[in-house]
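Only one chain is given next, in structure tokens, and it is the form predicted on its own.
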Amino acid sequence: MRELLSQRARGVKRSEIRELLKLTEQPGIVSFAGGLPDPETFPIEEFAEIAQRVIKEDYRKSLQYGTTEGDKRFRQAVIDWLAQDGLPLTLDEVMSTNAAQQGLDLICKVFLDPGDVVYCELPTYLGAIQAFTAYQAEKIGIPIEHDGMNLEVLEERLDEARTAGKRSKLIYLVPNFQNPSGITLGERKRKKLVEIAEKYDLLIIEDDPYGWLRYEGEPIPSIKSYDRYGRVLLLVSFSKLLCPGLRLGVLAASAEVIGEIVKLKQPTDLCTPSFTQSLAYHYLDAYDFRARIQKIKRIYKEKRDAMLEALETYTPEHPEMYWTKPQGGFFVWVTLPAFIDATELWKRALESKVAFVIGTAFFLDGSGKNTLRLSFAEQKPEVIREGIRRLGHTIEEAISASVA
């Protein structure tokens, strides 16, 4: 069988996070591993009512094939929603996708040839690493600072690639409450990034599944809002704002880019499911979506606060140990003392019935061996506190063992 596989398939590995999640399903384990939204935030009653109505009254649209671009009603509802955030778009600049992950895959399919260079944050979203690897791109990691990607290093790497005769194509980043670090890209850097893309003839993939889940501080305009040259491709997901089971998102880009992507989405899946788009459209049409977002923000803020307070209470003090304090999103990023290997810590933690994601999974260069990602989204506050208590004890044991 293996000799029949394409070079692309041979180069792709299973998601380390997905494999780890299987181990965290053991009874009694407090898992901070998966970036899963809390099922109690899903609009269960609303969807139950809408689904019945959609099937009985709207079946000619909801149960039929749709256009590759997507349901016009759904796309227009999304356009109206985004316009309230100062992002004017037209129908030919927005297409529906099977969640943001498909949008990312389609962008790769349209723009990447083997050997093309993609620039990512270091660390970065594992699903993006997998996508770029599948299309045989060269991936270059750019360190992040307290306000996001280091743009000076980015330009240095771009110049190096140009000198070496390489073709740089894409800059990929999660600008708001980044997965995995929780860090947000500053406004100055967002403007500068668009200038860099124009200077070096690049496209920017702005992957923004968490931007509307801000718990404190002032919102920052999207990178797309500064785009005057059609260089920013914005991915929006409804997995966190509605529910991931819909597998629904949109890609916003220039009409020219959307046209090219539609051509390669057609042989991929013909169209995004009409039923899920119809469900989402009727929800956006009948209910106050912004009020819903405010409600789930309060829920996730309480969870974030519980995790940050528990980290302060239960983890040992050490000059080399610290963590991010995200203003939104799902994740806290922990840096351990350099002498602690997070892989070994993970094994010990699992014995103590607590789980996290080892940080190296998010690094292109194999670094980050003393880092880990914690997700506070799925667990209740009291469970978060107990889980961090267990983790703190495990870290304390690891530090003591190293000192002995």
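These figures come from a predicted structure and were not determined experimentally. Numbers for residues come from their place in the sequence shown, where the first is 1.
As for the form predicted in complex with a further copy of the same chain, it is not shown, yet the points below apply to it.
*Asks:* Would residue 86 show up as a contact with a further copy of the same chain in the predicted complex if we use heavy atoms at 4.5 Å?
*Replies:* No, no contact at 4.5 Å.
*Asks:* Verify the contact flag for residue 313: yes if a non-hydrogen atom of it lies within 4.5 Å of a non-hydrogen atom of a further copy of the same chain in the predicted complex, no if not.
*Replies:* Residue 313 lies outside the contact set for a further copy of the same chain.
*Asks:* Is there a non-hydrogen atom of residue 217 within 4.5 angstroms of a non-hydrogen atom of a further copy of the same chain in the predicted complex?
*Replies:* Taking the distances in the predicted complex, the answer for residue 217 is no, it never comes within 4.5 Å of a further copy of the same chain.
*Asks:* With the cut-off set at 4.5 Å between non-hydrogen atoms, does residue 318 touch a further copy of the same chain in the predicted complex?
*Replies:* Residue 318 lies outside the contact set for a further copy of the same chain.
*Asks:* Sort through 217-225, 184-192, 288-296, 122-130 and report the only stretch with a non-hydrogen atom within 4.5 Å of a further copy of the same chain in the predicted complex.
*Replies:* Checking each option against the 4.5 Å cut-off leaves 122-130.
*Asks:* Is a further copy of the same chain close enough to 6, 40 and 279 in the predicted complex that each of the three has a heavy atom within 4.5 Å of it?
*Replies:* Per the other structure, all of 6, 40 and 279 touch a further copy of the same chain.
*Asks:* Could you tell me which one of 327, 102, 150, 76 places a heavy atom within 4.5 Å of a further copy of the same chain in the predicted complex?
*Replies:* The residue from 327, 102, 150, 76 that makes the contact is 102.
*Asks:* Going through 151-166 from first to last, which residues have a non-hydrogen atom within 4.5 Å of a further copy of the same chain in the predicted complex?
*Replies:* Contacts from 151-166: none.
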